[in-house]
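Okay, so here's just one chain, in structure tokens, the form predicted alone.
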Amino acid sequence: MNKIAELEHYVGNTPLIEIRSLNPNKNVRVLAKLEWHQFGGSVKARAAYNIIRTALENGDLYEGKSLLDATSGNTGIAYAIFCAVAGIDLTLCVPENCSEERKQILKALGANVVYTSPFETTDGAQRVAREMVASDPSAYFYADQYANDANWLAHYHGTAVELWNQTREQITHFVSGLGTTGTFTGTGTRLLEFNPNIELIGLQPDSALHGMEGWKHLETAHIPGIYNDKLAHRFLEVDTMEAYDMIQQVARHEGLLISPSSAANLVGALKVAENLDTGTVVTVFPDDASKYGALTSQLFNL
């Protein structure tokens, strides 16, 4: 437990930057939180850390049990880093079509990886994880990030408080994609406690077949247990090609190399901003482009 507790200072407290060149409305500020500036290089460090720490404190995870979960990659990487430090055995169910960079990182960190159907996304990975637990319940602590309150509470106690303080309590809109929905649920819930006039906008792909790893098309996907369907004030859809184009635009005009999900979040935030008279629109950049080498090379003709 002490080894995990010592890592708390490496989680959260990420920088918030202003998007200037691509903002179509100069009367509105558009801000993005750079979540790769923490252990594991993604927003998932927050949830993974809180899930592990809570499970250890509650006695759900102990020596002799393997932490098991389904992931599209980033939560798995965060789990793998924390588990390596704490000496916890880790088993991950991962869709086979996750990026090669993520596969290599998980292997290097010593995670036991079970690859699942690329056609079932993380829904299929969850099904396989549940089957593994059912066949040998004493061997695993099933973290189940999609239904674990420690996921959204990490953002309730962390991300939201940071945004409220970093914007000097001026945030008017929070925009975020929906995957496990932990970021949106936890951050949104707390922001409304700070100021009930803040508008929460949820983003999702415009079809079930999309290129944003970890995102869910809610109409066709399994809805995460932690998702609060009463929380969002409205929803916007994002096309994968819009996100891919935004990756290029952000690199050339803002000097940042970002991931597809980060780009999709920015597409949504800019759509919100262009229709406002004034305000402060905030989104999250879950990770950068470092785990998407093949896609980045293709987009930039490298």
Partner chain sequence: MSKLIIPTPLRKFTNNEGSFNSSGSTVREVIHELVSTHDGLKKHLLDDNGNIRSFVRVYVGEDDIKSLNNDLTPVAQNDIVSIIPAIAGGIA
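Numbering follows the first chain given and starts at 1. Just so you know, these numbers come straight off a predicted model, no measurement behind them.
Quick note: we don't show the form predicted together with the partner chain, though the next part is all about it.
- Contact annotation for the candidate site: 54, 178 and 227 all lie away from the partner chain in the predicted complex (no heavy atom within 4.5 Å).
- Note on contacts: among 223, 134, 208, 108, the single residue with a heavy atom within 4.5 Å of the partner chain in the predicted complex is 208.
- Checking 199, 120, 89, 149 against the partner chain in the predicted complex, a heavy atom within 4.5 Å turns up for just one residue: 120.
- Using a 4.5 angstroms limit between non-hydrogen atoms, residue 144 is distant from the partner chain in the predicted complex.
- Though the partner is left out of this view, residue 217 does reach within 4.5 Å of the partner chain in the predicted complex, counting heavy atoms only.
- Heavy atoms of residue 170 never reach within 4.5 Å of the partner chain in the predicted complex, leaving it off the interface.
- Under a 4.5 angstroms non-hydrogen atom cutoff, the partner chain in the predicted complex has residue 98 among its neighbouring residues.
- None of 232-240, 38-46, 271-279, 61-69 except one has non-hydrogen atoms within 4.5 angstroms of the partner chain in the predicted complex; the exception is 232-240.
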